[in-house]
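Presented as structure tokens, the chain that follows is alone, the form predicted on its own.
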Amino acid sequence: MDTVVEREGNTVEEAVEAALLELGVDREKAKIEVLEEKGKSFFGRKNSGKAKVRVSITGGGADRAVSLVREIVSYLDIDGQVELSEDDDVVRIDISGSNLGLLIGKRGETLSAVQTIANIALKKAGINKKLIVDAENYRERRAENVKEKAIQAAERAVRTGRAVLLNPMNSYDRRMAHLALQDNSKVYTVSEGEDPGRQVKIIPRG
């Protein structure tokens, strides 16, 4: 899917920079066409006094999402590298570096917010793949931690015969907790409450 913008400026470079900024991509990932150049006529038509360019990207939603994440990392003054990988079903943006705690946030809330923003850019470009934004494999480590806590809580629920509430979690962590126990025949799980205090309840069967 092609995404195209046309922009004017006092110079070609100014017009190009304006278009790249709107698209949220680096120059090397864009196709640039000069429609008008200040002081020159095109096809016998008098120039408007401005430079005009057309800048396009093909399948550029993922590139724009990556560029957006890089801007956020830079704004937070984090020394991190942002890399894109993509397959038929998933777009993955991985952030590596040091001192990424600020980017991850409490229980991964900031990272989830960054993913939501990047996902908007992806959907606006007509790309309907699943998006994962991760930092130093935080999501994998967090998923393992949530899974372990859910299993321990399930054992306690079975042992005591009483329901156990896990701490409030975001939607991603709640899903991990539900998945961890979906095949456990001794308990079932439900979510209760309103965000940001929504919790997973583990209930013994019978």
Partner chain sequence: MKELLELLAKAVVDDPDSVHVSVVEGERSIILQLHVAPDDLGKVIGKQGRIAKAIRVIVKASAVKEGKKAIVEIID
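Residue numbers count along the first chain shown, from 1. Computed from a prediction, not measured in an experiment: that's the story for all the values here.
We do not show the form predicted together with the partner chain, though everything after this point is about it.
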* To do: Answer yes or no: in the model of the complex, does the partner chain come within 4.5 Å of a heavy atom in every one of Ile72, Glu109 and Val114?
  => yes
* Identify which of Ala51, Leu181, Leu68, Met169 has a heavy atom within 4.5 Å of the partner chain in the model of the complex; exactly one of them does. => Leu68
* **Contact test in the model of the complex: Leu102 vs the partner chain, heavy atoms, 4.5 Å** => yes
* To do: Consider Asp77 of the chain shown here, and say whether it contacts the partner chain in the model of the complex, taking contact as heavy atoms within 4.5 Å.
  => yes
* Would Lys129 count as a contact of the partner chain in the model of the complex, using a 4.5 angstroms cut-off between non-hydrogen atoms? -> no
* Any non-hydrogen atom of Lys124 within 4.5 angstroms of the partner chain in the model of the complex -> yes
* Let me know which residues along 151-166 have a heavy atom within 4.5 Å of the partner chain in the model of the complex, or say none if there are none. => none
